[in-house]
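Okay, so we've got a single protein chain in two different forms coming up as structure tokens, structure 1 first and structure 2 after it.
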Structure 1
């Protein structure tokens, strides 16, 4: 019964996969534009076997983790401080508000100018791009914590910092995690974009390198890898989120 439900639910993907295989083979689509799925699969295997996928993948992963990690490390305390301290708020809020609507991909050229083709430019881009969503969600989360909760913590004789990190941040967790989740999605977009444009390695670079060289089957394979990684990262984070929020029932 469950297996059947599963099959029914995901069968459209199988249909699409079949169409992908059949269309170029039947000559409905030029195989140059869309290599049959099986050809792409073989390319994927070769790409993996050659080690290209792993080296570039690790490079990308490092950029992602470093950029997003920094954004969380700095964004969460700063956002929490902004919500609980007026001076911090007055300093940070106008800047955050002014930068929030700017498409972060516009920073790519400056960062190239400043930091060159290496890791630093990508990590900084991801950091800057993710900082605002993380900061704003921490800010909104902590600001939305019910004052009663804070008062009762204070009345147990806890200091303000202990209240902030012991009570306010956990209570803000749902909002904060939702913000980090959207930052995670953005980090992939910025990673891939910057690697398309300014890199000597990484999965985005691999895609554009293969595409420029006319190696379309491996290019499709790399595109699939990147998309799947984005999907997997989101699912992983969602699982983590559910565990962390289990106390809410």
Structure 2
């Protein structure tokens, strides 16, 4: 049964791979605009062997981890404080709600002007884009905690910070982790978008550089790498979520 489930789960990807290989070779799609998958695989190997993939990949991952990490470090306590402190909520909530629907890629020209082509502009964009999902998930999660849990903690003499971060935040963990997972997916989009326009290295820059030069097979290879990294990061985080929430049964 496990083998059958595995085959059923991954059969769409196998069908897509076969279609990708067959369509250009049968003339259904122009091979110049979409090279066969086997040609892309060869280009992927060549990029890996040259070291370009590793160098640019590590640079991109550093930016992503820095931006997303800052968003989590600031967004979780700030969202929890919004939910538990009226003054913080009055100050922060209107700003968060006003910025939430704004496309974060619209900030690219501003950050390019202010921070230039270095790491700071990319990390800042990822941080700003991921901060709001994390902040709002922490806010909604803490707001949804059963009041009885908080009253019980206070009755045992626990202080406000102890109740907030020792009781409320752990109880809000399911919604909080879901928000971080959304931010993780968004971080890859923002990373590649920023590197397209304001970088001299990174996977997004590599995709743009290869596409502008007409090297479509290695360009698609770099696209596959970014997609695979995003998929792997999501699967790893989903596994972490399941372990952290195992207590829920």
Partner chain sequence: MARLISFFEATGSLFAILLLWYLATRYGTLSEFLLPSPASVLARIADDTASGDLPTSLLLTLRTAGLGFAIAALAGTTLGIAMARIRLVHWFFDPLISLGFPMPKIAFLPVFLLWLGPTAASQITIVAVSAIFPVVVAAFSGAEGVEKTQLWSARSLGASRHGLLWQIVLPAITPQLFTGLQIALPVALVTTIVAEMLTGSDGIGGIMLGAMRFADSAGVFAYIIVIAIAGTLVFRGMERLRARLLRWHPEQSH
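Keep in mind that this is a model prediction, so the values were computed, not measured. Take the two forms, find the largest set of C-alpha atoms that superpose within 1.5 Å, and that set is the rigid core. Positions refer to the first chain, counted from 1.
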Legend entry - Index of the chain form predicted together with the partner chain, chosen from the pair: 1
Inset, instruction - Superpose on the rigid core, then tell me if the C-alpha of residue 235 is displaced by 2 angstroms or more between structure 1 and structure 2. - result: no
Inset, instruction - Align on the rigid core first, then pass along the CA displacement of residue 9 between structure 1 and structure 2 in angstrom. - result: 3.6
